[in-house]
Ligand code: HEC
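Next up: a single chain in C-alpha coordinates, the form predicted alone.
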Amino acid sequence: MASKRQQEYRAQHKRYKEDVAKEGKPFFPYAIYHDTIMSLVVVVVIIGLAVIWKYTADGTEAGMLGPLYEAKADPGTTNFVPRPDWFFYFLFYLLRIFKWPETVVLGTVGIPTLLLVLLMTLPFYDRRPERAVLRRPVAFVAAILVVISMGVLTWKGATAKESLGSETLSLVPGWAEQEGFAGNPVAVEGAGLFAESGCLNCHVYLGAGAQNLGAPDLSAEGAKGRGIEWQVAHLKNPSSKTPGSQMPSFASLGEENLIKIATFLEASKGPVK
(Lines give C-alpha, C1' and ligand atoms only; values in the text may rest on other atoms or scores of the structure.)
Protein backbone atom coordinates (compact mmCIF):
# COMPACT_ATOMS: atom_id res chain seq x y z
CA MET A 1 0.00 0.00 0.00
CA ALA A 2 1.43 3.33 -1.08
CA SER A 3 2.04 5.96 1.56
CA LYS A 4 0.24 9.30 1.58
CA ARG A 5 3.33 11.10 0.24
CA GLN A 6 3.67 8.61 -2.62
CA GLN A 7 0.02 9.03 -3.50
CA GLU A 8 0.43 12.83 -3.59
CA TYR A 9 3.51 12.52 -5.76
CA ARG A 10 1.75 10.25 -8.23
CA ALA A 11 -1.26 12.56 -8.39
CA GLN A 12 0.99 15.58 -9.07
CA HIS A 13 2.88 13.65 -11.77
CA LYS A 14 -0.40 12.66 -13.40
CA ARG A 15 -1.59 16.30 -13.38
CA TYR A 16 1.73 17.37 -14.91
CA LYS A 17 1.36 14.87 -17.75
CA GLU A 18 -2.19 16.00 -18.37
CA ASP A 19 -1.18 19.69 -18.41
CA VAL A 20 1.66 18.97 -20.85
CA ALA A 21 -0.68 17.05 -23.13
CA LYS A 22 -3.22 19.92 -23.14
CA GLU A 23 -1.18 23.13 -23.02
CA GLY A 24 2.58 22.61 -23.10
CA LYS A 25 5.51 20.70 -24.55
CA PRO A 26 7.53 18.00 -22.76
CA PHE A 27 11.01 18.76 -21.48
CA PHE A 28 12.47 16.23 -23.91
CA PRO A 29 13.20 17.02 -26.66
CA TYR A 30 12.01 20.64 -26.77
CA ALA A 31 13.82 22.20 -23.78
CA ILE A 32 16.96 20.16 -24.43
CA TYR A 33 16.94 21.29 -28.07
CA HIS A 34 16.75 24.95 -27.02
CA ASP A 35 19.55 24.50 -24.45
CA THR A 36 21.74 22.82 -27.09
CA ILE A 37 21.23 25.66 -29.56
CA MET A 38 22.01 28.28 -26.90
CA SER A 39 25.16 26.40 -25.84
CA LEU A 40 26.36 26.34 -29.45
CA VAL A 41 25.73 30.08 -29.75
CA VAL A 42 27.81 30.73 -26.60
CA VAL A 43 30.69 28.56 -27.92
CA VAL A 44 30.62 30.32 -31.31
CA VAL A 45 30.72 33.75 -29.60
CA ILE A 46 33.69 32.70 -27.44
CA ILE A 47 35.57 31.37 -30.48
CA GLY A 48 34.79 34.56 -32.40
CA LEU A 49 36.08 36.78 -29.60
CA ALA A 50 39.24 34.65 -29.33
CA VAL A 51 39.89 34.99 -33.07
CA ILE A 52 39.33 38.77 -32.96
CA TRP A 53 41.68 39.08 -29.96
CA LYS A 54 44.36 36.93 -31.63
CA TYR A 55 44.41 38.64 -35.03
CA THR A 56 43.88 42.28 -34.03
CA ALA A 57 46.65 42.32 -31.40
CA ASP A 58 50.37 42.20 -32.06
CA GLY A 59 52.36 41.03 -29.06
CA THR A 60 52.26 43.76 -26.44
CA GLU A 61 50.42 46.11 -28.83
CA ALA A 62 46.75 46.18 -27.85
CA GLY A 63 44.12 45.21 -30.42
CA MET A 64 40.34 45.44 -30.17
CA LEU A 65 40.29 43.21 -27.07
CA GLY A 66 43.69 44.00 -25.53
CA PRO A 67 47.28 42.77 -26.00
CA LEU A 68 48.24 39.13 -26.42
CA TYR A 69 50.66 39.45 -23.49
CA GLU A 70 52.31 42.16 -21.42
CA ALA A 71 55.58 40.39 -20.62
CA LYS A 72 56.95 36.97 -21.41
CA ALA A 73 56.50 34.45 -18.62
CA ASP A 74 59.59 33.46 -16.67
CA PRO A 75 59.23 29.82 -15.54
CA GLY A 76 62.23 30.21 -13.22
CA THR A 77 60.87 33.16 -11.26
CA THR A 78 60.97 32.99 -7.48
CA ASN A 79 59.14 36.23 -6.70
CA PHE A 80 55.67 35.48 -8.07
CA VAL A 81 52.76 35.02 -5.68
CA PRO A 82 50.14 32.82 -7.40
CA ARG A 83 46.48 33.69 -6.95
CA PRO A 84 43.41 31.74 -8.13
CA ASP A 85 40.66 32.89 -10.47
CA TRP A 86 38.00 35.03 -8.78
CA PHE A 87 35.47 32.19 -8.48
CA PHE A 88 37.91 30.30 -6.22
CA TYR A 89 38.62 33.27 -3.92
CA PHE A 90 36.33 31.82 -1.25
CA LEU A 91 38.37 28.59 -1.16
CA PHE A 92 41.58 30.61 -1.35
CA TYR A 93 40.60 32.53 1.79
CA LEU A 94 39.71 29.31 3.63
CA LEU A 95 43.42 28.48 3.43
CA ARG A 96 44.10 31.54 5.57
CA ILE A 97 41.57 30.39 8.18
CA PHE A 98 42.50 26.71 8.29
CA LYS A 99 46.27 26.50 8.76
CA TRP A 100 48.63 23.90 7.35
CA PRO A 101 48.98 21.09 8.24
CA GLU A 102 46.61 20.66 11.16
CA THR A 103 43.25 21.75 9.70
CA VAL A 104 43.85 22.64 6.05
CA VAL A 105 42.22 19.40 4.79
CA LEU A 106 39.07 20.26 6.73
CA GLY A 107 38.84 23.71 5.13
CA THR A 108 39.74 22.79 1.55
CA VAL A 109 38.27 19.30 1.22
CA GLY A 110 36.02 18.57 4.18
CA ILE A 111 33.69 21.57 4.24
CA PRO A 112 33.31 22.07 0.43
CA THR A 113 32.70 18.32 -0.06
CA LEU A 114 30.10 18.21 2.71
CA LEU A 115 28.23 21.18 1.23
CA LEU A 116 28.39 19.67 -2.26
CA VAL A 117 27.00 16.35 -1.02
CA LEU A 118 24.15 18.14 0.79
CA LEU A 119 23.33 20.06 -2.40
CA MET A 120 23.40 16.93 -4.61
CA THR A 121 21.15 14.97 -2.23
CA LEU A 122 18.69 17.84 -1.77
CA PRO A 123 16.06 16.38 -4.16
CA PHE A 124 16.11 13.13 -2.18
CA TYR A 125 15.65 14.43 1.35
CA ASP A 126 13.45 17.47 0.58
CA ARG A 127 10.49 16.18 -1.44
CA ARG A 128 7.82 18.61 -0.22
CA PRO A 129 5.74 20.15 -3.02
CA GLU A 130 5.68 23.55 -1.30
CA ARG A 131 7.44 26.26 -3.34
CA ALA A 132 6.53 29.44 -1.47
CA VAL A 133 9.73 30.89 -0.02
CA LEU A 134 8.19 32.13 3.22
CA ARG A 135 6.74 28.69 3.93
CA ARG A 136 10.19 27.08 3.75
CA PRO A 137 12.04 28.92 6.54
CA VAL A 138 14.84 26.37 7.01
CA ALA A 139 15.73 26.22 3.30
CA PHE A 140 15.37 30.00 2.96
CA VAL A 141 17.67 30.78 5.92
CA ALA A 142 20.21 28.16 4.76
CA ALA A 143 20.31 29.65 1.26
CA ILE A 144 20.78 33.19 2.61
CA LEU A 145 23.59 32.07 4.92
CA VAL A 146 25.37 30.27 2.06
CA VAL A 147 25.13 33.33 -0.20
CA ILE A 148 26.40 35.66 2.55
CA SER A 149 29.24 33.28 3.49
CA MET A 150 30.36 32.84 -0.11
CA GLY A 151 30.16 36.59 -0.70
CA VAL A 152 32.19 37.48 2.39
CA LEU A 153 34.84 34.82 1.72
CA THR A 154 35.11 35.89 -1.94
CA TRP A 155 35.51 39.55 -0.96
CA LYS A 156 38.08 38.71 1.73
CA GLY A 157 39.99 36.50 -0.72
CA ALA A 158 39.99 39.24 -3.37
CA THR A 159 41.32 41.89 -0.97
CA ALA A 160 43.79 39.66 0.92
CA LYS A 161 47.36 40.94 0.84
CA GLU A 162 49.89 38.22 0.14
CA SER A 163 53.50 38.39 1.19
CA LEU A 164 56.00 36.21 -0.67
CA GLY A 165 57.42 33.65 1.71
CA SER A 166 55.23 34.92 4.56
CA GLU A 167 54.94 31.47 6.15
CA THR A 168 58.65 30.65 6.01
CA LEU A 169 59.56 34.22 6.97
CA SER A 170 57.98 33.60 10.36
CA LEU A 171 60.57 30.84 10.94
CA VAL A 172 63.55 33.23 10.77
CA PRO A 173 63.60 34.22 14.48
CA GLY A 174 63.61 30.55 15.45
CA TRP A 175 66.42 29.83 12.99
CA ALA A 176 68.50 32.69 14.40
CA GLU A 177 68.04 31.45 17.96
CA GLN A 178 68.77 27.79 17.17
CA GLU A 179 71.81 28.54 15.00
CA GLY A 180 73.13 31.26 17.31
CA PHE A 181 73.29 34.19 14.85
CA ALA A 182 70.51 36.27 16.45
CA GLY A 183 73.13 38.94 17.29
CA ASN A 184 74.23 39.22 13.65
CA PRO A 185 71.75 41.56 11.88
CA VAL A 186 73.26 40.89 8.43
CA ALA A 187 72.80 37.13 8.87
CA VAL A 188 69.21 37.67 10.09
CA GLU A 189 68.43 39.78 7.01
CA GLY A 190 70.03 37.10 4.87
CA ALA A 191 67.82 34.47 6.49
CA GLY A 192 64.77 36.57 5.57
CA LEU A 193 65.93 36.81 1.94
CA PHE A 194 66.60 33.07 1.94
CA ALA A 195 63.02 32.44 3.15
CA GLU A 196 61.48 34.81 0.58
CA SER A 197 63.49 33.73 -2.47
CA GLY A 198 62.13 30.23 -2.87
CA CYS A 199 65.26 28.45 -1.62
CA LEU A 200 63.15 26.07 0.48
CA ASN A 201 61.51 24.71 -2.66
CA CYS A 202 64.63 22.56 -3.11
CA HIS A 203 66.64 22.86 0.12
CA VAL A 204 65.91 21.89 3.71
CA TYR A 205 66.85 24.17 6.60
CA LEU A 206 66.27 23.00 10.18
CA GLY A 207 63.48 20.71 9.05
CA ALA A 208 61.68 23.30 6.90
CA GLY A 209 61.43 23.03 3.12
CA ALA A 210 61.68 20.14 0.68
CA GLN A 211 64.75 18.29 -0.58
CA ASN A 212 64.40 18.18 -4.38
CA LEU A 213 66.76 17.62 -7.32
CA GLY A 214 69.48 16.39 -4.95
CA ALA A 215 69.77 19.79 -3.22
CA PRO A 216 71.63 19.50 0.14
CA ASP A 217 70.40 20.31 3.62
CA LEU A 218 71.79 23.78 4.44
CA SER A 219 71.32 23.68 8.21
CA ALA A 220 75.09 23.29 8.75
CA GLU A 221 76.37 24.86 5.50
CA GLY A 222 78.65 27.25 7.40
CA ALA A 223 80.50 24.34 9.03
CA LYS A 224 82.07 23.50 5.64
CA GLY A 225 84.17 26.70 5.83
CA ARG A 226 83.69 27.75 2.22
CA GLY A 227 83.55 31.48 2.97
CA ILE A 228 81.31 34.33 1.92
CA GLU A 229 83.15 34.88 -1.36
CA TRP A 230 82.52 31.28 -2.44
CA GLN A 231 78.87 31.48 -1.43
CA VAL A 232 78.27 34.68 -3.44
CA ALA A 233 79.95 33.21 -6.52
CA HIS A 234 77.87 30.06 -6.13
CA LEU A 235 74.63 32.04 -5.86
CA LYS A 236 75.52 33.98 -9.00
CA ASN A 237 76.52 30.94 -11.06
CA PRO A 238 75.91 27.63 -9.25
CA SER A 239 77.42 25.41 -11.96
CA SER A 240 80.74 27.31 -11.73
CA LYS A 241 81.27 25.97 -8.20
CA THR A 242 79.20 22.78 -8.40
CA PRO A 243 79.49 21.30 -11.92
CA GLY A 244 76.18 19.90 -13.19
CA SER A 245 74.14 21.83 -10.61
CA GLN A 246 70.48 22.38 -11.58
CA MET A 247 70.15 25.33 -9.22
CA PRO A 248 69.13 28.58 -11.00
CA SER A 249 71.18 31.77 -10.75
CA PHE A 250 70.16 34.32 -8.10
CA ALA A 251 72.33 37.10 -9.51
CA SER A 252 69.19 39.20 -10.07
CA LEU A 253 68.94 39.72 -6.29
CA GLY A 254 71.92 42.09 -6.43
CA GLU A 255 75.38 41.99 -4.86
CA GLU A 256 74.26 43.43 -1.50
CA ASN A 257 71.49 40.87 -1.02
CA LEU A 258 73.71 38.01 -2.12
CA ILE A 259 76.28 38.99 0.54
CA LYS A 260 73.51 38.93 3.17
CA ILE A 261 72.42 35.45 2.12
CA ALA A 262 76.04 34.29 2.03
CA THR A 263 76.56 35.69 5.55
CA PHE A 264 73.49 33.77 6.71
CA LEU A 265 74.73 30.53 5.13
CA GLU A 266 78.19 30.93 6.68
CA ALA A 267 76.59 31.61 10.07
CA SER A 268 74.61 28.38 9.78
CA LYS A 269 76.86 25.86 11.50
CA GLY A 270 74.14 23.64 12.85
CA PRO A 271 71.87 24.03 15.91
CA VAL A 272 73.65 25.32 19.00
CA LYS A 273 73.58 22.70 21.72
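What you are looking at is a predicted structure, and each value in this text was computed from that prediction instead of being measured. We number the residues from 1 along the sequence you see.
What follows is about the form predicted in complex with the named molecule, which we do not show.
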| query | finding |
| --- | --- |
| Interface residue in the predicted bound form among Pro248, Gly227, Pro26, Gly66, criterion: non-hydrogen atom within 4.5 angstroms of the named molecule | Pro248 |
| Which of 136 to 144, 85 to 93, 178 to 186, 193 to 201 lines the interface with the named molecule in the predicted bound form (heavy atom within 4.5 Å) | 193 to 201 |
| Contact of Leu213 with the named molecule in the predicted bound form (heavy atom, 4.5 Å) | yes |
| Distance check, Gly209 to the named molecule in the predicted bound form, heavy atom within 4.5 Å | no |
| is_contact(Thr36, the named molecule) in the predicted bound form, heavy atom dist at most 4.5 Å | no |
| Contact flag, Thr56 vs the named molecule in the predicted bound form, heavy atom cut 4.5 Å | no |
| Contact set, 256 to 270 vs the named molecule in the predicted bound form - heavy atom within 4.5 angstroms | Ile261, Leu265 |
